[in-house]
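This document opens with one chain alone, in structure tokens, the form predicted on its own.
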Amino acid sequence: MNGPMGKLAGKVAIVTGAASGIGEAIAKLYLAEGACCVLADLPGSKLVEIFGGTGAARCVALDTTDDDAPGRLVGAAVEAFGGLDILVNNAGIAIACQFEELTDEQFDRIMAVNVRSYFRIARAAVPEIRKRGGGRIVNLGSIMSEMGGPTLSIYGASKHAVAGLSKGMAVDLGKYGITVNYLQPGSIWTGMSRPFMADENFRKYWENKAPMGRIGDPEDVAAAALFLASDEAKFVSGHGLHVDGGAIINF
């Protein structure tokens, strides 16, 4: 924590996918560092169970692909905390399937969650962030934003799209004092990744690929998300930050 108030003291953030994994870790760290947070996840998630008793948190149950999701999230930030400084688009899904067996419905769903919702929520957030004189947008990409992997062609395509979207946003929004960056986690212990980790060969491959010799923790990614949201990152924009233990560089 940076001083008694924290690195994000006085800031208001939205974090999607906050009921588990990386999103939960980011939300907890942002709250610990002084931010007030609007936290979103699907109806039926453990969002209220985790954060419902936190005065600086407002929980919103929704699917980020819902037509009214952007307005509900930004509206909750303004109503509860008076504005918005930081947006973390974290909600995401992965469907593992051999390419030729994939369906149109699977393609549309992954793109809707992993890309279209990021675009729509960010577009709704920008006017409020501009009112504060600038702020931060952090999108969740993946090391698959710049590589491919077996049975994850659509997921990889969606994360490549997050990289391109983030770079374009950074160019357009810089004049407002808004930085836009994307995180590129490697293999991280989350609810989404655990089914893959159940395959011992898969797990050992990623443990060996990372020079650090382990699977990452959500808190590793949260620390990077804190940096990108902080004042220290005010001149960092359009950047994809690897949080992968060095896996991307280890051929």
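Numbering starts at 1 and follows the sequence shown. Owing to the predicted nature of the structure, the values given are computational and were not obtained by experimental measurement.
One more form of this protein, predicted in complex with a small molecule, exists but is not displayed; see below.
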query = Is the gap between residue 136 and the small molecule in the model of the complex 4.5 Å or less for some heavy atom pair?
reply = no
query = Using heavy atoms and a 4.5 Å limit, would one call residue 192 a contact residue for the small molecule in the model of the complex?
reply = yes
query = Going by a heavy atom distance of 4.5 Å, is residue 113 a contact of the small molecule in the model of the complex?
reply = yes
request  = Using a 4.5 Å heavy atom cut-off, state whether residue 109 contacts the small molecule in the model of the complex.
outcome  = yes
request  = Name the single residue among 188, 38, 222, 35 that comes within 4.5 Å of the small molecule in the model of the complex, judging by heavy atoms.
outcome  = 188
remark   = Only hit among 62, 59, 210, 31 for heavy atom within 4.5 Å of the small molecule in the model of the complex is 62
inquiry  = The chain here is shown without the small molecule. Which stretch in 97 to 105, 84 to 92, 167 to 175, 124 to 132 comes within 4.5 angstroms of it in the model of the complex, by heavy atom distance?
reply    = 84 to 92
